[in-house]
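One chain comes next, on its own, written as structure tokens: the form predicted on its own.
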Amino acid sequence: MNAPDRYERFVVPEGTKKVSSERDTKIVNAASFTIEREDHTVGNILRMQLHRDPNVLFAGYKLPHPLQYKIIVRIHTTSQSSPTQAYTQAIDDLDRELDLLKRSLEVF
């Protein structure tokens, strides 16, 4: 069968960074973040969290190809923030929300 091994969907290869970023050269305060070994689950949650930030003008993601196990998150912010700040804040906020969810479920 031509399908790649299942572990390739989840395990980041040695020497590969989990997250890399690239600034947009045409649009001020815009950047793309490539997140290795993630799919629509993380992409959509991150996009929705970025939309909660009033300094984010645009947030979207795409899965380049079904056999490429990465997502590309694109962020455009106002001059009061940078895409890296917005990304970091969104990740921190999601971490706190998921920790709160975990603690509330441990009560049961």
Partner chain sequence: MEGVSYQRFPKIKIREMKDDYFKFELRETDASMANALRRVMIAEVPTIAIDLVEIEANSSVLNDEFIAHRLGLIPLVSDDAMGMRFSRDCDACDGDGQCEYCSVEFHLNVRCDSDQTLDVTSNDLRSTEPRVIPVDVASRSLASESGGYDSQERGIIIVKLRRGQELRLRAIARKGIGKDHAKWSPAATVTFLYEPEIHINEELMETLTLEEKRSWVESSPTKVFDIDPDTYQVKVVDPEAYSYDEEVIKKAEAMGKPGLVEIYAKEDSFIFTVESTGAIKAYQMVINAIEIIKQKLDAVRLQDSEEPDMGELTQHL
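Being a predicted model, the structure only gives us computed values, none of them experimental. Numbering follows the first chain given and starts at 1.
There is another form of the same protein, the form predicted together with its partner chain; it is not shown, and what comes next is about it.
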query	finding
Partner contact for K62 in the predicted complex: its partner chain, 4.5 angstroms, heavy atom	no
Contact label in the predicted complex: L57 to its partner chain, heavy atom within 4.5 Å	no
Partner contact for L105 in the predicted complex: its partner chain, 4.5 angstroms, heavy atom	yes
Contact test in the predicted complex: L67 vs its partner chain, heavy atoms, 4.5 Å	no
Residues from 48 to 81 in contact with its partner chain (non-hydrogen atom within 4.5 Å) in the predicted complex	M48, Q49, R52, D53, P54, N55, S79, Q80
